[in-house]
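Single chain ahead, by itself, as C-alpha cells, in the form predicted alone.
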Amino acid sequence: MTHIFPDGFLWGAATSAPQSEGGQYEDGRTASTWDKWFEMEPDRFYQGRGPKNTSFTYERYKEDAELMKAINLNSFRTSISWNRLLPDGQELNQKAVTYYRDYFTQLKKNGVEPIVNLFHFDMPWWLMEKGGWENRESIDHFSFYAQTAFEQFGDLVNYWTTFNEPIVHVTCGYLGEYHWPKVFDLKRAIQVGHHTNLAHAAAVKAFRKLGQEGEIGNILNLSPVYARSNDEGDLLAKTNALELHVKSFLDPTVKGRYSDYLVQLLDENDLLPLTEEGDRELIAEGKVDFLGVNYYQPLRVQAVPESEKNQPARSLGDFSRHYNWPEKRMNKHRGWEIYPEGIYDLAMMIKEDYGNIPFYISENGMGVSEEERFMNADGVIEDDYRIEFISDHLANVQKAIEGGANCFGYHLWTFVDCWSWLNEFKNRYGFYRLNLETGERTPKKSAFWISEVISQNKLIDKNSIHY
C-alpha cells in the first residue's frame, strides 16, 4: 500500500522556549523554576549543564527558519516564555514582543506555520514563590498571560495551545523529584491538576472572548493503556490508570468535565481537590478546537497486590502497577518501550470516545546518547534507528487516517537537539545535530529522509535516501 497523506498535512517538529531559547536573563527575562533550581542544585543536572545556553535559538531563530524550509517542514511548534513576555507577571516586555513577533514572522516567511504553546513546564519564579499551581491565583495570572499573548501575536498565529503535557508537572513535581518543587504528596498533586485544568479553561475562555481568527487546543501526552491479562484485577488496574493518567486531562479538555468514575474514585480515597463555585462552569468553557497528542510509549499495568495497597490511597501505585511486558522492544538510551501500534490505538480511542476531534501528533521521537558514534566521514550522523522509528510510527498514523481518524499532522521531537531538563543533552532527538560549543546545526540522515517524505507526502523506503 502507498502511504499517501492528506493534502495540507502538517509536517514539522516541536520544541519549547526553555529548552531551546537560551538568552537566560537577556532583555528583561526573569527566572523560571529551572533557572533557580539549577542555581541551587547544579549537581542534579547531567554534567552540570543548566538552562543558560540550550540551543541558542534566541540568536539563531532566523537561521533555524531557513533550515526548516531546507528540509520542507511546513509547521513548527514552540512556546512563549511567560517570564520573558511578562517578567513580573504584569508589565509587558516590549523586547520580548519584538523577538517573538520576528520569530513567528521569519517562520511564516519560510512557509512554516507556527503553532504556539503557552506553558511548557517553565513556571515563573515570582509565581512559584507564591505556591505555583497550588495557589488559585495562578489561574488568573495564567489567564492574563494568555490574553496578553493572544493580543500581541494573534495576527501571526493561527494555532494556539495552552499547555504541554500538563500531567507531567503534576506527577514529576508533586509525585517525584524531576520537577520543582520535587515533593511527594498525592493530595497536593491532585489540587495542582485541578488548578491547571482551570487555568487551561480560563485561557480558552479569554481566547474565545477576543474573537480572533484561529484555533486553540491543548497538548496532552497520551498513552494507550494495556492490561497484563483479562483478569478482573488487571482490568480494574487498566480502568484506574486510564482515568488517572489519561482522562484526568483529556476529558476536561475535550468534553469540558471530569468523568463520574474519576470523581468517585477520588472521593472514595479522600482525594477530591478543593473547589469553588463556578469551577464546573469554567471547565465546561475549556473545550478545545483540536488536540495535540504527544506519544512516546504505551502504559502497561497490572493489579495491585492487596497486601501492598493503601486505603485510602497515598500514591498512584495504589490504583495500578506497572507491568513489564516480556515481549517489549526498548529504546535502551531512554528506557522507553518502542510500540508504534500505540498511535493507532490512541487514534481509534479519540475517534470513538471523543467525537473524532481533530488532532495531530505533536510529539514523537527517539532520544539516543553518544550519536557521534554514528557520524560518517562527511560529518553526518547516520541515524537509521530514528528513520526506522519515525517510519514505523507514521505507518500507524496513516493506518489510523485510513480508519477514519481525524489526524492532520505529525511533529518530531525535535528540530535541533535541545536541552532536556535534568538530562541536559544526554540524549539527542533532533533532525539537526547541535554543536554545544559553537551552536552550529548539521543535518542528520533523518533530515534528508524526512525532506523527501514531505516532498512526496508519502512514506518512502527507509533505505532509499541518498545525500
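Quick caveat, the model's predicted, so the values are computed rather than measured. Throughout, we count residues from 1 along the sequence that is shown.
Keep in mind the form predicted together with a small molecule is missing from the figure; the text below concerns it.
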4.5 Å heavy atom contact with the small molecule in the model of the complex for all of Asn164, Arg334 and Ser420: yes
Using a 4.5 Å heavy atom cut-off, indicate which stretch of 194 to 202, 134 to 142, 370 to 378, 291 to 299 touches the small molecule in the model of the complex. 291 to 299
Can you work out whether Trp413 and the small molecule are in contact in the model of the complex, taking contact to mean some heavy atom pair no more than 4.5 Å apart? yes
Spell out, yes or no, whether the shortest heavy atom distance between Glu363 and the small molecule in the model of the complex is within 4.5 Å. yes
Does Tyr258 reach the small molecule in the model of the complex if we count a contact as any heavy atom within 4.5 Å? no
Heavy atom of Lys238 within 4.5 Å of the small molecule in the model of the complex: no
Given that the small molecule is left out here, which of Tyr354, Phe121, Phe150, Tyr99 has a heavy atom within 4.5 Å of it in the model of the complex? Phe121
